[in-house]
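Next up: a single chain in structure tokens, the form predicted alone.
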């Protein structure tokens, strides 16, 4: 029985009927899935039938926080947003921070399930258990910052926290994200799901206090965590001052910063233009998520040419990759502007930038011409074209309409062999690490349940040289199956479910992450776990997500990488000459499936494994 950590309530909102009901958070769900991503994936599997249209009224959009959220545990203002992805057709799950997650919990809920579709645009107003459906017709068409400000003005409270969509979500771009005060639940097209329901925004305010099982145990657990954070050689001395952009310098040094649609990795290395020192010349401050002592989000101000005066929370490393390296752009102020514009339009920066870079390669190869682009010059390095294309994509105008749904769909629309240059896994565009020089990272791209997603099983062992659980050679394929399973399960259980910031796992608590989570869970909830049981929670959730995808027709053949990564070796840099051959990927997959206890031929969880994890009902549904 949990006696703290949770409010103990789930809010279910049916937009079709404009009805809201409260449900009790089941004890067994708390014990077996912890919270956050665990709750989202559990609800999604149990409540969605196979074959549901991701943009249809039957899809559900789930916002879920964890037991650490809203407590005194630092770096815990996180939540998962989950739905069937309109971009991939698989599980769509994204994590986001800021202040909205804590406010949702204080408003009285551990999870919010949105179902159905409103007849006209609406926004939800949730305050201490009171739910109102408010007309959002006047908000339809607004950018995200304007939308949030209008709602705060209308409700006469500037301290309300809001998650909303921009024009991209309204126009059902499959690259649309959900924005809350410039933080984003990005990727997988979750903003399009929200738009398909005619839901413009969710506003929350609450005063609920999260109960704690044992304040003495919590003090001790927090103390151990704080010690580890202070001892970290990078968390406070570097990361809090520079944020994720420092990874531009790191990945360029490793020869894995992808460039020009992954044709010039190791050759185009814009450290002087886009690295840490360059960002320092644009920095005007930093922002903190609720309850975070680190404050990694950097505020940067464009200071040149037509971009003068644009202010962005970022760009983060992935955005410097997507609007910079991927497009061959080294104009920092143009990237800052593109970052802010994407946030305002509600476009995921990774997928949007990768899609633009894809279009640029097609233009360079003559597959697209100025006739297709209405005169727009899409050569690599054209920062003005990047900015223009974001508007065209969000509003589905001209070439933007073709690109608005990502590289896989765009390639099908364009034809002429464009599929060869579309870099994605399961429909999700590749993030900013060229995995030809980091093979566990590559196996994670191939096997993550969301598609090519660095956040599902980040191989910090390869990227930062951290020898936990052991040291690895990033160029070697052997042993990466077991390592990828460990990374995926531990990251899920210690970050995405409690919910905690993943940067702590990478930089401070990796050496005792499982023990740390077990201690926090006992202190907060009264539920006891061994470190091994915490890891099993992560394994259970990854198996359930895999089962959802299997039910949708995904299997081993979808666990692959773009041909470019398997056939073309890197031409320059510290990883020169490396690739992931088809044979290496096949061997890594075999090892991964064996480590997971899945069928090696199909890549689908076996009945034995599902029953071992308490998921017998899932095995029945899969006929495993």
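All figures in this text were calculated on a predicted structure; none of them were measured in a lab. Residue numbers count along the first chain shown, from 1.
Not pictured, yet referred to below: the form predicted together with a further copy of the same chain.
- At a distance threshold of 4.5 angstroms between non-hydrogen atoms, residue 340 is in contact with a further copy of the same chain in the predicted complex.
- For the chain shown alone, residue 551 is not a contact residue for a further copy of the same chain in the predicted complex, no non-hydrogen atom being within 4.5 angstroms.
- Under a 4.5 angstroms non-hydrogen atom cutoff, a further copy of the same chain in the predicted complex has residue 161 among its neighbouring residues.
- In the predicted complex, a further copy of the same chain stays beyond 4.5 Å of every heavy atom belonging to residue 212.
- Contact with a further copy of the same chain, judged by heavy atoms within 4.5 Å in the predicted complex, is confined among 372 to 380, 434 to 442, 142 to 150, 352 to 360 to 142 to 150.
- At a distance of at most 4.5 angstroms from a further copy of the same chain in the predicted complex, all three residues 299, 303 and 395 contribute at least one non-hydrogen atom.
- Interface residue among 138, 273, 530, 128 relative to a further copy of the same chain in the predicted complex, by the heavy atom within 4.5 Å criterion: 138.
- Proximity to a further copy of the same chain in the predicted complex, defined as a heavy atom within 4.5 Å, singles out one entry of 254, 472, 218, 287, which is 287.
- Along 70 to 90, no residue reaches a heavy atom to within 4.5 Å of a further copy of the same chain in the predicted complex.
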